[in-house]
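Just the one chain here, laid out as C-alpha cells, in the form predicted alone.
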Amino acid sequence: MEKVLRQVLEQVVPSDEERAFVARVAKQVVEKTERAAERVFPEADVTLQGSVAKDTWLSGDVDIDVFVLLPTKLTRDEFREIGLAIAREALRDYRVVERFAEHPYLEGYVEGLRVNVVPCYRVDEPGRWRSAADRTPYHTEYVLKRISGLNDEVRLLKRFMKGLGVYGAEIRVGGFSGYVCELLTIYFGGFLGVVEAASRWRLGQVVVDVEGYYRGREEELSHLFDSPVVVVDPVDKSRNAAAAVSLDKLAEFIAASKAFLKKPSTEFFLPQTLATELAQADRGFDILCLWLDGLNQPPDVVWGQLRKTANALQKLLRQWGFNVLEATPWTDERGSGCVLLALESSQIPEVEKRIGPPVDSDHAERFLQKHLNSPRLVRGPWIEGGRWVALVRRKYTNALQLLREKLARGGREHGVAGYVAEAIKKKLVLLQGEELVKWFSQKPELRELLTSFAERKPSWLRKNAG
C-alpha cells in the first residue's frame, strides 16, 4: 500500500517549477482582472479561488479560478452584464468560451492553462446567497482553515476518483466535486480514511456531516435531500454539497474502494490507455454512431441536448423492434459530439410475431381489421393462449436504414433535441463497422472513447477485481 501511494504521489504532487509557473500565471490573470475591474466597475473585488488557492491541485491538471465579487445592490441583469464585461476585458487577449452554471462566466486559456473568470455576489455573511457561486469564497476560507497537512491526501483522493471516472459534478459525469473530495478528506482524516469508510458504505443514503449540524437528527436529512450521498455543506447546512453524485457513481466508488483495499494498485489512480483496437473484434453486439459537428453551444447545453437525443434514439429503435443495450452521449466540448448506440443486433429478422388482445377484449376487432388489411401480413391471425396473434413483415430490418430515414429532416418529431436536429439537417453522419472504427481511430480520445464504450468495464476492474 505504501509503495503504491508513494508512486502515485510522485505523479500528482506538483514540482517546485510547476508551482512557480502556475503561481505566475495565476498572479498575471488576477492582476489583469483587477485592472479590468478598475476600468469597468471599480466597486468589484477580485480573488483567487479553487484548488490553486487551496493548494489541492494535481500536477499537470490544473484550472485557475478567478472570482469577481460584485455588490449585492446590483440587479441580476446588472450583475450578469458587469460580471461578463469584466471577464471579457480580463481575457481579451486569449481564446475564450462562455460557460454556464447558474449564470454565465468565461473560460480562457493562458499559456496553456485553463482559466475561469467567474462573477459572484459579495455577500456579508453565509446564508444570504444571491447566486450559487457566492459560496465559493466561503468554501475556500473553510478548507484553508482545516486542510493543513492534508493537501497531498486530497490529491490522492482526487486522482483516485479521476482514475475511476467518478470525479466531477458536471451533468455529464454526475460525480464528486473537488470541494467534496476536500470535505471527505478533512472529515475522515486522509485518503485511506475516506476509502476505508467508503468500503463500508451501503447503497441507500450515505451521510457525511462534517460540522455535526444534524448529529442525532440524521433522519431529517432523508426528508431534506433526495440524494444517494449527502455531504452537508459546512458553510450552508441547508445545502447538500454532493447533490450531483448519482447512484451509479456512488456504487462504483464503493466497489472500487473495496477492490483497492483488497489489492492496491496504481491502476486505480493512473489507468493505462487500452491497447484494444476493436477493429475486427466480434463482441456479440453491434455499435452504431450518430456523429455531429457544429454543436457551437455552451458545453452544459450540448451535454443536455445529446443526452435527450440519446434517449430519443433509444426509444425510436426499440419502437421498431431493435433491442438497444445502451445509448451514450459524448462531446469534445469544442463543437463536435456523438451518440454511441450498442444494439443486440443492428439487423433483425424480416418477420415479427405480434401478440394481440384476448379474443373477448373490446380491442380484438381493431387488431383483426388492422392486420387482415395489412399488405405486410405473412401468417394468421390465429388464436394462441386465448389471444389473437399475427405474423407480419417488418418495415425496417436494418437499424442504420431506420435512422437514416427517420432523421432525414433532423428528427425533432422523434424527440431529437433542437441544436442536434439542426446539426443533423446540415449533415447526417451515421457510422457502423469498419467505417466507425476508421473514424474513431483518427484521434486518441476518440479511440479511447470507442474502446471504453465497447469494453464497458472500469479499467481498475480489469486487473484488480480478482
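Only the largest set of C-alpha atoms that superpose within 1.5 Å between the two forms is called the rigid core. None of these values were measured; they are calculated from a predicted model. We number the residues from 1 along the sequence you see.
Only in words, not in the display: the form predicted together with a further copy of the same chain, which the text now covers.
a further copy of the same chain is not shown here, but in the predicted complex it comes within 4.5 Å of a heavy atom of S345.
Not displayed here, a further copy of the same chain is kept clear of E125 by more than 4.5 Å at the level of heavy atoms in the predicted complex. Using a 4.5 angstroms threshold between heavy atoms, S361 counts as touching a further copy of the same chain in the predicted complex. In the predicted complex, at least one heavy atom of A454 sits within 4.5 Å of a further copy of the same chain. For the candidate set L144, A132, L224, V378, a heavy atom within 4.5 Å of a further copy of the same chain in the predicted complex is found for exactly one residue, namely V378. Residue in contact with a further copy of the same chain in the predicted complex (any heavy atom within 4.5 Å), chosen from L391, A243, V110, V301: L391. Note on the interface: of 152-160, 378-386, 329-337, 224-232, the segment with non-hydrogen atoms within 4.5 angstroms of a further copy of the same chain in the predicted complex is 378-386. Remark: all three candidate residues (K262, P349 and K353) come within 4.5 Å of a further copy of the same chain in the predicted complex, counting heavy atoms only. Core-superposed comparison between this form and the one not shown: the C-alpha position of G174 differs by less than 2 Å.
Once the rigid core is used as the reference frame, the Cα position of P299 differs between this form and the one not shown by less than 2 Å.
After superposition on the rigid core, displacement of the C-alpha of L391 between this form and the one not shown amounts to 2 Å or more.
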